[in-house]
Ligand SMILES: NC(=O)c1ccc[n+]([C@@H]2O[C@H](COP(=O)([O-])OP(=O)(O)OC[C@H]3O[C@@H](n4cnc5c(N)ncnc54)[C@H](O)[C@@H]3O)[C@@H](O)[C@H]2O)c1
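Let's start with one chain on its own, the form predicted on its own, as structure tokens.
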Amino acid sequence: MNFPDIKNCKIAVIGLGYVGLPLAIEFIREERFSNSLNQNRRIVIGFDIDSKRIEELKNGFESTNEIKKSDLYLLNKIKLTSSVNELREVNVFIVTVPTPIDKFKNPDTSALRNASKMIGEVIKGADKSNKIFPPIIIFESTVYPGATEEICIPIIEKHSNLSLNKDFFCGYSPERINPGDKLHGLREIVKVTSGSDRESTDWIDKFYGSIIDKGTHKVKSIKIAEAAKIIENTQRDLNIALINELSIICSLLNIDTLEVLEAASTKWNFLPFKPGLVGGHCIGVDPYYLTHKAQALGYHPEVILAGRKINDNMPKWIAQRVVLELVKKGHKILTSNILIMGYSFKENCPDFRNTKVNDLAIELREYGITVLVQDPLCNIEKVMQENNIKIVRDVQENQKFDCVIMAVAHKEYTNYKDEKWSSLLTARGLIFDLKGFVPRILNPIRL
């Protein structure tokens, strides 16, 4: 089977979030796809159903902070659109839509299904007489092992009346971007690749190899690539759950967890995990995709679900401990006010999807405590619209709190001097440090 020229194909990235947009940027870099005659070049279409997002990008505004300012000019080289008609002559589709969980913690694959249906309705099969190359559809969204072949491919076949590995091909290459991490960008992370047959696997591997400096790792099946991704985050979730449970035990023992970890880490093979809130759309979600599939196969995964239970319950445990410490300090709970610093699910990132800071604020308010949440990066309007919680960009001058909770260690907080921290507190105020971020001289209470 003949596949399109990697240097001159027409690519559509479906979903322009923190995964899709960096991909589109890398595929449009001229130095990566121009041939020796500087003729014929890749065309990259950036597609998103959110027309507001498309308009923002067209105006050079990028809200995820995943694109360097020096690369924003490349947005002008991408065809940004919400129109499905723009996808009809595409050779390669890369699907990067979200795969969240619902309120019952079951996989929500609606966006994945909708993207598959849309692609099925616009693709054309291979036609050697007209030199039409077979479409190649690559999924990057995190799913349980088998989802691409069980969910996506049947939908594409149904709506296109085409057959896999005859009229079109599929692949899976899991996204591995770490939001907010400027040291490990897309090009600096090894890319796992797979395809629906041997030829498409080889082509997809070379396709990604054209933009990934760190190289690729080709596996022999889509299911292996899906499993590799989901166990990456499941492993991290379990390690953090262990440290969170240890932090609870250390608290009962009245010893500093971080000092214990610091001592333990002097051994060369000790893993450097820390306690904290585990939210976001990866670590706090992906294990439920794996356990969902395991349970469908008749196996109940005890360890993974136990880890999830510990991490999901951390906001409740932290709130209880904060209340206890306030009482020890002589504060009346119903008249106490608390400042939570940071709202996003991790530091140096504006993404607040599934943030456990939200759960912490709700738990504290259940006690009747007045809670103010401050974050320098999150979109205030979107937080109110999606989570119905008011956050502020800055704290008013001379505003004081009975408790300050350092929840998300944004780099903006590194400028805080000791006096700044102290100025936020009432006379008997206390600092509760979830990140080991606040100077020890201020005697913060830590996990």
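Treat the numbers as computed from the prediction; the structure is a model and nothing was measured. Position 1 is the first residue in the sequence shown; the rest follow in order.
From this point on, the text means the form predicted in complex with this ligand, which you will not see here.
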Review point. Using 4.5 Å between non-hydrogen atoms, is residue 305 touching this ligand in the model of the complex?
Key: no
Point to revise | Contact test in the model of the complex: residue 210 vs this ligand, heavy atoms, 4.5 Å | key: no
Check your understanding: Taking heavy atoms and a 4.5 Å cut-off, does residue 19 contact this ligand in the model of the complex?
Key -> yes
**Study point:** Contact label in the model of the complex: residue 50 to this ligand, heavy atom within 4.5 Å
**Key:** yes
Review point. Out of 331-339, 278-286, 67-75, 305-313, where are the residues with a heavy atom within 4.5 Å of this ligand in the model of the complex?
Key: 278-286
Review point. Considering 185, 376, 154, 98, which brings a non-hydrogen atom within 4.5 Å of this ligand in the model of the complex?
Key: 98
**Study point:** Candidate from 370, 235, 114, 165 lying within 4.5 Å of this ligand in the model of the complex - any heavy atom
**Key:** 114
Point to revise | Site test, 14, 142 and 177 vs this ligand in the model of the complex, non-hydrogen atom cutoff 4.5 Å | key: yes
Review point. Heavy atom within 4.5 Å of this ligand in the model of the complex: which residues of 227-250 qualify?
Key: 229
